[in-house]
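Quick setup: one chain, the form predicted on its own, written in structure tokens, and binding and motion questions come after.
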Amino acid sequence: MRASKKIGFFIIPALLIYGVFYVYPTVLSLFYSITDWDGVSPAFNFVGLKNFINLFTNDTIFIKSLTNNVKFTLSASILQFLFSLGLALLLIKNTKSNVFFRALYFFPTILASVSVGFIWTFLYAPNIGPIDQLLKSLGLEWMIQDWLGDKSIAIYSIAVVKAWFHVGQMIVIFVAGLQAIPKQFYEVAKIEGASALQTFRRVTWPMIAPAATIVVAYTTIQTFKAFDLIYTMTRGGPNYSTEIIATNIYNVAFRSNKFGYAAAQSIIFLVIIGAITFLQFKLVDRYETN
């Protein structure tokens, strides 16, 4: 009994922090989502589900931001997953050179998102940016683009930055998962005459499924709410081509002073992230059981 009381005592601070900084703001957002509060006035009116209905029937910018979110999340997540897994397979051995390259790839993750945004804005700068200069020096002028000014490719340009930014973290997770696989499995596969592709399908991939689950869940959630990177690089432009739900919520709340309407968007945002995470874990559990 005394031990359980002590454990309960130590849990209280964590519960208080969680309640104050997560539960309370969520409940408050849910409350304000059914009002027309402007964020300043003490008075407001209850509008019921009007904000939610308007989001999906009259708000073209919200629909566009949702579409951009899907494009950005899929692009960045796929790139990040493939590059991190591929690099982890190359850097699995604990040699000095591999440890150095793991640290090198991990380095960008310790930078602030705003710093990364400014760095890549300079790299993408038309004509004078290092990327365009490199293409010119290689005789590939036809590949030069207005990376952040062309509304057809701007969201994908930022997706590349997002993948580059966090690929080092995912390499660490994959390397840990790969190194945990018993070597006997590979020895048996070699004796059976399995090819490299068959070994990956039958041995490596099933064994790193838990690590893959973490990577997919983390990258999906992080890319879906990548406010700071996008706001630093394009502020949602050009012509809302890089506007995602997170930046749209900010603009609606702090530029238009429609806090009630922004709260409704944040609730939709929360539901979408929760649904995506739930589906991901369900799909992975089904794969592991099969």
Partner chain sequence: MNKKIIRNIVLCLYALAILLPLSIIFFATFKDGTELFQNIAGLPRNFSLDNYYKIFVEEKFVVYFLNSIQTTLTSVFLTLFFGSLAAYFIIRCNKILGIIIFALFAAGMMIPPQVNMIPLYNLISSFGLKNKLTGLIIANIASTLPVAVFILTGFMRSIHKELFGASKVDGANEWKIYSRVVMPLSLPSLSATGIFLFVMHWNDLLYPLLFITKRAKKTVPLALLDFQGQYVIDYQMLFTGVAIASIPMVLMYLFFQRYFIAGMSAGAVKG
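Small disclaimer: the values here were computed from a predicted structure and weren't measured. So that the term is clear: the rigid core is the largest set of C-alpha atoms that superpose within 1.5 Å between two forms. Positions refer to the first chain, counted from 1.
Although it is not shown, the form predicted together with the partner chain is what the next lines describe.
Asks: The partner chain isn't shown here, but in the predicted complex, which of 151-159, 70-78, 98-106, 201-209 has heavy atoms within 4.5 Å of it?
Replies: Going through the listed ranges, the match is 98-106.
Asks: Would you say all of Val114, Trp164 and Leu270 touch the partner chain in the predicted complex, counting a heavy atom within 4.5 Å as a touch?
Replies: Contact check passed for all of Val114, Trp164 and Leu270.
Asks: The partner chain isn't shown here, but in the predicted complex which of Leu178, Ile144, Ile214, Ala194 has a heavy atom within 4.5 Å of it?
Replies: Going through each option in turn, the one that passes is Ile214.
Asks: Name the residue from Asn45, Thr26, Asn54, Ser256 that puts a heavy atom within 4.5 Å of the partner chain in the predicted complex.
Replies: Checked against the cut-off, the match is Thr26.
Asks: Taking the partner chain as it sits in the predicted complex, is Lys225 in contact with it (heavy atom to heavy atom, 4.5 Å or less)?
Replies: Contact with the partner chain, yes.
Asks: Using heavy atoms and a 4.5 Å limit, would one call Leu91 a contact residue for the partner chain in the predicted complex?
Replies: Yes, Leu91 lies within 4.5 Å of the partner chain in the predicted complex.
Asks: With heavy atoms only and a cut-off of 4.5 Å, decide whether Pro182 touches the partner chain in the predicted complex.
Replies: Although the partner chain is absent here, Pro182 would stay clear of it in the predicted complex, with no heavy atoms inside 4.5 Å.
Asks: With the cut-off set at 4.5 Å between non-hydrogen atoms, does Thr232 touch the partner chain in the predicted complex?
Replies: Thr232: contacts the partner chain in the predicted complex.
Asks: Using a 4.5 Å cut-off on heavy atoms, which residues of 19-48 contact the partner chain in the predicted complex?
Replies: Contacting residues: Val20, Phe21, Tyr22, Tyr24, Pro25, Thr26, Leu28, Ser29, Tyr32, Trp37, Gly39.
Asks: Superposing on the rigid core, I want to see if Ile267 changes position between this form and the one not shown - specifically a Cα shift of 2 Å or more.
Replies: No: Ile267 shifts by under 2 Å between this form and the one not shown.
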